[in-house]
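Read the single chain below, which is given as structure tokens and is the form predicted alone.
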Amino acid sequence: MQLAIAILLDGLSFASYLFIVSVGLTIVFGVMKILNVAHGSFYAWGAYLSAYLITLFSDMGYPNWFGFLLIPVATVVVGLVLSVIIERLVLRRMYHQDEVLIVLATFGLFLISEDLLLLVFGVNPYFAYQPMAALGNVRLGGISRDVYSMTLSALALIVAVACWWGLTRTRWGKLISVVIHDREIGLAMGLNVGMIYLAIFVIGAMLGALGGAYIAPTISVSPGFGIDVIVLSFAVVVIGGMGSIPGALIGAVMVGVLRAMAVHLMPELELFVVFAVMAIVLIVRPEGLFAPAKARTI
């Protein structure tokens, strides 16, 4: 029983931050039809800036709980600055290009970003444990768990509800739906499609940065760790369906629980089970489990 509880808790914790990162990736693809490999850069910069600020203010004598105020600061700064630079200087010039060229361009941006991280923050890892230490531990089913990981699951649920409500229950969400189904119709209606693209890209970037900023206190923030999360995020959105928020949620839970089972039972299969499930889903449903319906022009 304790093993089952440990697998469930570890799986939900991993799925939570993976969903936060993946939902930003799938929203950008759903609206802009861009497979943004540079999304991993938002995650990495968010984690590094959050860890740096938390460590800096902790050394200045601020209490451990003060780190919770710095996480949204890192999220907003990274999301706004990086997304605007990438969208305005690079992606805006490539919207009418082949999708493969956009993937290659964003992959190049990701590699450049990795080197910039080393120049700005150095090669030494950051250990920003202070927010996690502020909340302490709790015992669940005879297992000691940190409360911080449980708040991560609550944050993922809030993000899921906010994204669903914003895209389906608001006027702004309805305008985005027009752009998703037919960009030309949106232009004919007088919509500023360029600004909608920029807004969506900023939101997606902030979600990626939020995932990194919030997970930073639980890990060692070190060079190259953004590569793993972008690969797993692609697996999540492929399983759930590109552009689907419910699909990203279900895909993240599947990947998180399966990975936790592998880590506890057969560690050598940690990544194999994830991509095996992705391969099976693609064979059965090439578009993903919950891919949104595509509009057809008649």
Partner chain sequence: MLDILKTDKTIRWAALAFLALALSGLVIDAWILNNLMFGLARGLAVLGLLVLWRTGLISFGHALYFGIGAYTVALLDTFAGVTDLVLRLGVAVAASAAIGFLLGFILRKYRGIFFAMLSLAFSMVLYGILVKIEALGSTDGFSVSATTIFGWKPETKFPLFCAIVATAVVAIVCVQFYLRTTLGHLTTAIRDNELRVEYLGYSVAKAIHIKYVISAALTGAAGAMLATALGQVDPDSMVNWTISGELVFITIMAGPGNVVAPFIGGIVFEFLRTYAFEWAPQAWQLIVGGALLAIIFFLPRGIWSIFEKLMARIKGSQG
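These numbers were taken from a predicted model, which means no experiment stands behind them. Positions refer to the first chain, counted from 1.
Below, we turn to the form predicted in complex with its partner chain, even though it does not appear here.
Q: Is every one of V90, A105 and L282 in contact with its partner chain in the predicted bound form, taking contact as a heavy atom within 4.5 Å?
A: Every residue of the spot touches its partner chain in the predicted bound form.
Q: Identify which of M189, A162, L111, I85 has a heavy atom within 4.5 Å of its partner chain in the predicted bound form; exactly one of them does.
A: Partner contact (heavy atom, 4.5 Å) among the options: L111.
Q: Its partner chain isn't shown here, but in the predicted bound form which of M195, V138, V100, I158 has a heavy atom within 4.5 Å of it?
A: Looking at M195, V138, V100, I158 one by one, just V100 meets the 4.5 Å heavy-atom criterion.
Q: Could you tell me which stretch in 243-251, 265-273, 59-67, 45-53 has residues with non-hydrogen atoms within 4.5 Å of its partner chain in the predicted bound form?
A: Among the listed stretches, the partner-contacting one is 265-273.
Q: State yes or no: in the predicted bound form, is some non-hydrogen atom of D115 no more than 4.5 angstroms from a non-hydrogen atom of its partner chain?
A: Residue-level check for D115: yes, a contact with its partner chain.
Q: Taking any heavy atom pair closer than or equal to 4.5 Å as contact, tell me whether V257 reaches its partner chain in the predicted bound form.
A: No, V257 stays farther than 4.5 Å from its partner chain in the predicted bound form.
Q: Does its partner chain come within 4.5 Å of any heavy atom of I230 in the predicted bound form?
A: I230: yes, in contact with its partner chain in the predicted bound form.
Q: Even though its partner chain is not shown here, does M94 get within 4.5 Å of it in the predicted bound form, heavy atoms only?
A: Within the cut-off, so yes.
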